[in-house]
Ligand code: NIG
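Shown here is one chain on its own, the form predicted alone, set out as structure tokens.
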Amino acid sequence: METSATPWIEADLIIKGASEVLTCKADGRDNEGRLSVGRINDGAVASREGRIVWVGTESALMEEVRLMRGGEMLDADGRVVMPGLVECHSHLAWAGDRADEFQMRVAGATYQQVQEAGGGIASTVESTRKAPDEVLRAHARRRLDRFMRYGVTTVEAKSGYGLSLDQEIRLLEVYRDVALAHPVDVVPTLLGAHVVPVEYTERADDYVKLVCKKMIPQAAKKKLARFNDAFCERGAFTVEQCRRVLEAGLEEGLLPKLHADQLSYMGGTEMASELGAVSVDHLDHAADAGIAALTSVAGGKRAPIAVLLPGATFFLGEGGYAPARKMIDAGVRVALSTDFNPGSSPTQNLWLMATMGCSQLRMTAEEVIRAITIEAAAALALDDEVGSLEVGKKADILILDYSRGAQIPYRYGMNPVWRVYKDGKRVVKRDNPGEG
């Protein structure tokens, strides 16, 4: 008489002993229809060759999964296990320092007043243009190292501090070179339309033409960028100028993103949604029409992700925070990011953004955890690869020195990371979590 047995799932990495495994599935909701992190109590996760092959309870693990010869078995010892974080809005390569400008703002100058006085983005552009390639690569590597220590395994990296054809392409080439040798996945974005460079003062349309006719085609031809972004704001670019930039990118195969409604309302959110932007970012001054646009589907594409950047709002100290609660209640998908940059948000602590999501934006713990994992991955159109612990996805896995997911936004300013696995390989081991 023949008997059949369920075949073993073989794994080269097994993490067991988790108090909670937070899966953060894209469609994760609880029994009442609210967003959920997909918590598995007393859970475990297994991977093989850099991909997740099994997720479930530890009791089921012993019956279904077998460790391959030479594989690693790790006991999380009652810690939280969750997906690697996704940083979906950062400005990674730049040179210089703007600490003095911060003190100007402390004394009462606004961000736009500093910029009009020759500071702001223009000062970083000047420093970045002068910096040799190797200096920029070294800066980018160190910043990626720091992100990785904070549990970030995927980073979006914008250009935007070159603001000339050669300099913007150079920044994207820096990202390409650094990404080849670093464990963290780097997702490059062309932000040629960041602000009008000084040499194009009073000639914004001429600069937009340069971005559309030369910068975007070169970045696309050299396969240096996945996304094309612009800054829609007073002192930067108008809605129609940004439309031209995003449409030029679409013609070259670059997916659109937009900085919109950060310091004032201009209607950029509605325009970007109409063009099928993957995300619209900042949104501190988003109007009801913009929120409605973020729930609509254009041309068969899904609605944009709203990427909120509370660190920039906090650091600038101007105006109120984005209406996250109103957005979520309206059905908008919300991600959180650091907006890491030298002027308005010089932090790489994505955990702190989760705290701000709760304390300032009135999001729940479940919502902010999703906002730095699966929703952030969706803001990079990578939610089929990263951002959740699901079979087939990359084995980007964190083990935190917390026993409950609810502690993530509660213990603010800390770095809770104990271990980081990227593509199933351990890349960070911290024996004293919480020390920065």
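Start at 1 and count along the sequence shown; that's the residue number. Keep in mind that this is a model prediction, so the values were computed, not measured.
Quick note: we don't show the form predicted together with the named molecule, though the next part is all about it.
- Mapping the unseen interface onto this chain, Glu156 falls outside it, with no heavy atom inside 4.5 Å of the named molecule in the model of the complex.
- When the named molecule is considered in the model of the complex, His259 lines it closely, a heavy atom lying within 4.5 Å.
- The named molecule in the model of the complex is not approached by Gly162, whose heavy atoms all lie more than 4.5 angstroms from it.
- Mapping the unseen interface onto this chain, Pro342 counts among the residues with a heavy atom inside 4.5 Å of the named molecule in the model of the complex.
- Taken together, the three residues His89, Arg98 and His194 all lie with some non-hydrogen atom within 4.5 angstroms of the named molecule in the model of the complex.
- The partner is not drawn, yet in the model of the complex one stretch among 90-98, 128-136, 71-79, 217-225 has residues with heavy atoms inside 4.5 Å of the named molecule: 90-98.
- Between the named molecule and the residues Trp351, Phe147, Tyr207, Tyr111, the one pair within 4.5 Å by heavy atoms in the model of the complex involves Tyr111.
- Of the residues given (Val174, Ile121, Leu190, Val334), Ile121 alone sits with a heavy atom within 4.5 Å of the named molecule in the model of the complex.
- Residues of 264-282 that come within 4.5 Å of the named molecule in the model of the complex, judged by any heavy atom, reduce to His282 alone.
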